[in-house]
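The form predicted on its own is given below as one chain in structure tokens.
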């Protein structure tokens, strides 16, 4: 009985591995690499969107981009939106996870209902919130007038800073269930013996949260913050449907600016330059996330 040499087997396994991974690499190149290279290439041209015809301008798009005030305003709005909605998501997400972790009789139902905002269609959610925010017949203004908080209806989506505050609130409501799911999963793995020992030592609820719960949640919260920061930074549909970037450009973020340049002003080259800059900013978050993930694995 003859045996196949070890080196020959290794080569066959290596070839089989390449064959199995080839479809994934092909899809990756088609879906990610090609659009990325195309965006960088288009950003070096002055292109008219309807015809996709234009001329080479080199780095002129990037020079114009950095010198315009609209870019910096949109970037500032992007930071305000991302930080604001992220803070609310973390605060309310952790608080709700702590409540749902308790032994409540309606816990199973509450855990199911808390996922509703995350799974509901963005279009449907925006329509509901626009009705709530309406300055003429919205229930929010009605309740605030009845409670004596305001005398006249507020324009929640048509004036600043009300528009930005409203967008942040809706974004936090829409995406905080993700934080609840992740934090609740981690809470269920914390040993109960730690809390029992803390109670014996006389630690109160706040002390147990600060000394036991929060350190145990630190790693998962870092990952949540990085992931949600990446996803919120590139958010488009919710802001576009709520305010369209208005009033004027008060809630316009970089994704909305890319859309405006490409399809409203028909400047595809400039839109590609904005997209490339936005990708570079998001790459920083991604590198931090990858580094944090590797640190957790090690």
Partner chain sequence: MRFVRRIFFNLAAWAVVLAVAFPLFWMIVTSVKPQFELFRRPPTFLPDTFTLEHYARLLIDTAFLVYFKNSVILATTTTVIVVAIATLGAYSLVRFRYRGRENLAFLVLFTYLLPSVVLLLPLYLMLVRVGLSNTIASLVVAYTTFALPYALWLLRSFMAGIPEDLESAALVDGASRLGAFWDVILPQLLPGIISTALFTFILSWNEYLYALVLVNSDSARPLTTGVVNMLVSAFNIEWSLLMAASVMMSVPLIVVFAFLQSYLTRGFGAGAVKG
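Each form is matched to the other, and the largest set of C-alpha atoms that superpose within 1.5 Å is called the rigid core. Remember, predicted model here, so these are calculated numbers, not experimental data. Positions refer to the first chain, counted from 1.
Omitted from view is the form predicted together with its partner chain, to which the following refers.
Though the partner is left out of this view, residue 32 does reach within 4.5 Å of its partner chain in the predicted bound form, counting heavy atoms only. A residue is said to contact a partner when one of its heavy atoms sits within 4.5 Å of a partner heavy atom; residue 165 fails this definition for its partner chain in the predicted bound form, lying far away.
In the predicted bound form, at least one heavy atom of residue 52 sits within 4.5 Å of its partner chain. Although the partner is absent here, residue 138 lies within 4.5 Å of its partner chain in the predicted bound form, judged by heavy atoms. Every residue of the trio 27, 104 and 120 has some heavy atom no more than 4.5 Å from its partner chain in the predicted bound form.
Interface residues of 238-273, taken as those with a heavy atom within 4.5 Å of its partner chain in the predicted bound form (partner not displayed): 240, 241, 255, 258, 259, 262, 263, 268, 271, 272, in sequence order. Once the rigid core is overlaid between this form and the one not shown, residue 280 does not reach a Cα shift of 2 Å, moving by less than that.
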